[in-house]
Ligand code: PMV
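Just one chain follows, in the form predicted on its own, and it is written as structure tokens.
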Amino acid sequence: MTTASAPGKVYLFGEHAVVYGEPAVPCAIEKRATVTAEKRDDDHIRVEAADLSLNGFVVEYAGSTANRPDVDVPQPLLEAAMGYIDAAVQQARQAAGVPDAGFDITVESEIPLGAGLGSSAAVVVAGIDAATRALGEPLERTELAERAYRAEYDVQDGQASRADTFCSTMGGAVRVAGEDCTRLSTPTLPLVVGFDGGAGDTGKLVAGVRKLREQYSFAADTLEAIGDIVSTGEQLLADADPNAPPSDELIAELGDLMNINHGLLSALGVSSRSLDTMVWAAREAGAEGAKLTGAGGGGCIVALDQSDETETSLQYTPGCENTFRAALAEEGVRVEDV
């Protein structure tokens, strides 16, 4: 039996545009998904999800995930949860060369599903790591990140990027542009997250942006402009001393870029009333910048504020169900002692 955990993430800049080869900068945060995998003597998979924002479920299957658990949640979330777990198992089986390996799998998560904090990537990364270790075939991090990406790619019908899975595997802040993935040295940023309690349909949102991009040249230009924001922000981070607290000037400049990024994402139709409300509440409380994070449509925003004002304001903002300060997770996937 092996237990592994992997962190969630927030995007400083670049979601949606990263799907088209533009750069993105996600940061791993200390909200983790934990997966325990124990090899079985048969080819069955038994999954117990104690907390995936689904009130928990248990399901056992062999060869197919058609046996869906009966829980009162939106079907896209349920299908995504089962799909990502199954994809992780398939990647672990392939990596270890044991196509019929069975597992008892337990999933626990601090990361709300579909909220833009990388819950699926964290589950997939931790799941592949735990399962391959349970089979005695642990993977190097680069291969683990690649296999986790393939799992998300399959579940998301070819619309995934490497950003979430690479960030969850490696930890820290990373830059992703197409197949080019590198870890960045950055100062510790004062990140605050607000959560509206909802979840966007990632596949539907990504497909909607794709349709706009194909239909209107200015929508394609908007995605390229997001890439320009990322490049500017990346240079600001590269010029900063990673061992010193971030300067007020740096936070202000990064905040400006985040605000512009949110406006462009909103123009592409991926924001929502609740996300916009939280973004403006954060800015009016003194945050230097605030934007949605992830696919959008509901879920989370991320703000930059060195004071406690944004967190306090969000606590009293209608539609915000939870808020917390997000510490950077310097360590990515790891084995847990249980």
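Quick caveat, the model's predicted, so the values are computed rather than measured. Sequential numbering from 1, following the sequence displayed.
What follows is about the form predicted in complex with the ligand, which we do not show.
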**Report entry** Interface residue in the predicted complex among 109, 132, 161, 261, criterion: non-hydrogen atom within 4.5 angstroms of the ligand
**Finding:** 161
Report summary line: Interface check vs the ligand in the predicted complex: of 257, 268, 206, 251, the one with a heavy atom inside 4.5 Å is 206
Report task. Please determine, with the chain shown alone, which of 243-251, 186-194, 210-218, 115-123 has non-hydrogen atoms within 4.5 Å of the ligand in the predicted complex. Result -> 115-123
Query raised in the report: Thinking of 2, 93 and 103 as one candidate spot, does the ligand come within 4.5 Å of a heavy atom in every one of them in the predicted complex?
Result: no
**Report entry** residue 289 within 4.5 Å of the ligand in the predicted complex, heavy atoms
**Finding:** no
Query raised in the report: If you check in the predicted complex, is residue 18 within 4.5 Å of the ligand, heavy atoms only?
Result: yes
Requested in this report: Considering only heavy atoms, tell me if residue 222 and the ligand come within 4.5 Å of each other in the predicted complex.
Outcome: no
**Report entry** Distance check, residue 279 to the ligand in the predicted complex, heavy atom within 4.5 Å
**Finding:** no
Report summary line: Restricting to 287-303, the residues within 4.5 Å of the ligand in the predicted complex through any heavy atom are 294, 295
